[in-house]
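Only one chain is given next, in structure tokens, and it is the form predicted on its own.
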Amino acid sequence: MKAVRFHEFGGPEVLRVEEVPDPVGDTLVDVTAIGLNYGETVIRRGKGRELFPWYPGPSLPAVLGSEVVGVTQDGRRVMGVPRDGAYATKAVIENPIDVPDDVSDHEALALLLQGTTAVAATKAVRIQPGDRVLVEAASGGVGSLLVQLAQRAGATVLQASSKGGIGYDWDGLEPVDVVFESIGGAVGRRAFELLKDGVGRMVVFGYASGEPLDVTASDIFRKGVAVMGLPQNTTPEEVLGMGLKPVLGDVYRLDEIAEAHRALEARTTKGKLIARP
């Protein structure tokens, strides 16, 4: 089969299409679509262990990627997390999930990990009608779903994005009840300070800036707010049944994944990116 591998950490140019042996396992699929995520660029650069110490990091050479849709030998269309990486023409999915006939490959991948992240994050902060909610990276795959979920809950949603919305210059912005925090660094710190004292809630699910959230226990104590991580309490099956409408981004070929990584790092993307073998 063909796979996109890298033999050393570095820029997008380290990603190369190579011929490798087919994987072996009970649920072998012919891959029809591959989910592309910003976190994979972090791993490719060798920063995964630095930002996420609990993540073991890949053994090189490695195949990146954590979500695929594919067709099994008996004709089932399934999605899931591949055992040996996703950037390939074949994959073994150890816990496959059937994709409904009315859900496209692209939609399925937009709801698999990003959808479960958005729903779990929304559960964590318990939005109330009338809450003011700040969504960072609101034009991205997770962010666009968070906007939908917060609006469904009756919130006033402030959409921060480098592509529009309120941007990231928040001088004079009134305090907010909820922050969906995925950037970290200075942006995350400013978002934290926007939380209403005594009632604010922030859920943290990423460090897109490459720097962890710069907030201490003393800061949390001072403001009397809640800062939490992402609970693992949501399944893809639950998300598939919620009627969410994900924003579908660009589609790349297998040999264009390096180009997709450049776009992800440049923050020029919108919605869910996928590749097709």
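If you're wondering where the values come from, they're calculated on a predicted model, not measured in any experiment. Counting begins at 1, following the sequence as shown.
If you look for the form predicted together with a small molecule, you will not find it shown, but the lines that follow are about it.
Judged by heavy atoms within 4.5 Å of the small molecule in the predicted bound form, the contact stretch among the candidates 188-196, 84-92, 125-133, 154-162 is 154-162. Interface residue remark: Glu265 is counted as part of the site for the small molecule in the predicted bound form, having a heavy atom within 4.5 Å. Within 4.5 Å of some heavy atom of the small molecule in the predicted bound form lies at least one heavy atom of Ala137. By the criterion of a heavy atom within 4.5 Å, Gly200 is excluded from the residues contacting the small molecule in the predicted bound form. The closest non-hydrogen atom of Thr234 lies beyond 4.5 Å of the small molecule in the predicted bound form. Between the options Ile43, Leu213, Val239, Ala208, the residue in contact with the small molecule in the predicted bound form by a heavy atom within 4.5 angstroms is Ala208. Leu113 is the sole member of Leu149, Val99, Leu113, Val176 with a non-hydrogen atom within 4.5 Å of the small molecule in the predicted bound form.
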